[in-house]
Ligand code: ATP
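Quick heads-up: it's one chain on its own, the form predicted alone, in structure tokens.
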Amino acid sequence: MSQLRIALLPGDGIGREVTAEAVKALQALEAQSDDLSFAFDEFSAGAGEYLISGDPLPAETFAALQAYDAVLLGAMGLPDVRRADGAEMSPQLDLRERLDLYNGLRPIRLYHRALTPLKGYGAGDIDLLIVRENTEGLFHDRNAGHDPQAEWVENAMRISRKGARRIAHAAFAEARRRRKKVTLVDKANVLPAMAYFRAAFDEVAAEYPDVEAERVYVDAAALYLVQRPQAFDVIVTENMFGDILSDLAAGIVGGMGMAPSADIGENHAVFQPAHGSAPDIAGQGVANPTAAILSAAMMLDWLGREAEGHAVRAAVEKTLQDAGNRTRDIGGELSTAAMGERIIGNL
């Protein structure tokens, strides 16, 4: 039995609390299995580490992470800890860029009708995947810096042929495992960079005749996600658009506490809940650990343990069928640990 080595980056705010519940879920699976074994090692990174060492992602930590089978991350950044240019510390973005984790997967699934603000939807009616290009787009020159006294500041959007084609291929591959439909979300009617992105998408779409391909402008996509989310299967889009639409989509299935994510490259992958560090509730034991636990399920899938990943998602769905199994953010009173215990109890 080979042991899976997992690097833990609990990070800031509620990161440590939700990561702990994800680890407990993995340990519960390990206890039930004859051929699943984990070794966890924790590393410090984030705004808190910056306050200690002056570097939110120390070089020795970054070097060590690359030897692990996967990275499980909690949350990073604090609103009061910022760089000289005013931006928050974001080592999770550094990891994406430096490890070339170009494929950002953001699954959006409704587990119970009580969790959505939309009328008429039940469990499974909203089930889509946002595939976000993680390394280019409007985030490309985020570290360029600027003069706070300047009369104007600009950020350039970078779209490369390689980047656009490989994220399109990733989206079509995901669609083949799902309902065989890909929606490109762009702003090709206004931005030349987006027209370039669309042209690359069209080239790749021709290689997948078995998958339906459609193109929707980002403003219309935001509207349709609220009006008819069931029409989407896989959405592929640029970095910033993916960032925004992922939060909007999370809002229609219960909020950020229900939104897992994965950042995947050719050789490395990081898994984390899509929510932030939520310092206003940190330490209170009320954060929703569901997204962190579902992120661990995505990690299991990537590691070739799809049966265990499916078991975790099934446990989440079973848990949420009971109206008493809710943390504060989704209308309940359970603590972080209690919610984790309910999910683990259903594994």
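Numbers follow the displayed sequence, beginning with 1. Just so it is clear, the structure is predicted and the values come from calculations on it, not from any experiment.
Omitted here: the form predicted together with the ligand. The next part is about that form.
- Mapping the unseen interface onto this chain, G276 counts among the residues with a heavy atom inside 4.5 Å of the ligand in the predicted complex.
- Contact check for I281: a heavy atom falls within 4.5 Å of the ligand in the predicted complex.
- For P229, no non-hydrogen atom is located within 4.5 Å of the ligand in the predicted complex, even though that partner is not displayed.
- Using a 4.5 Å cutoff between non-hydrogen atoms, S295 does not count as a contact of the ligand in the predicted complex.
- Of the residues given (G163, G257, G104, P91), G257 alone sits with a heavy atom within 4.5 Å of the ligand in the predicted complex.
- Proximity to the ligand in the predicted complex, defined as a heavy atom within 4.5 Å, singles out one entry of M299, A287, V312, A45, which is A287.
- Contact with the ligand in the predicted complex, defined as any heavy atom within 4.5 Å, is confined among 313-321, 25-33, 287-295, 55-63 to 287-295.
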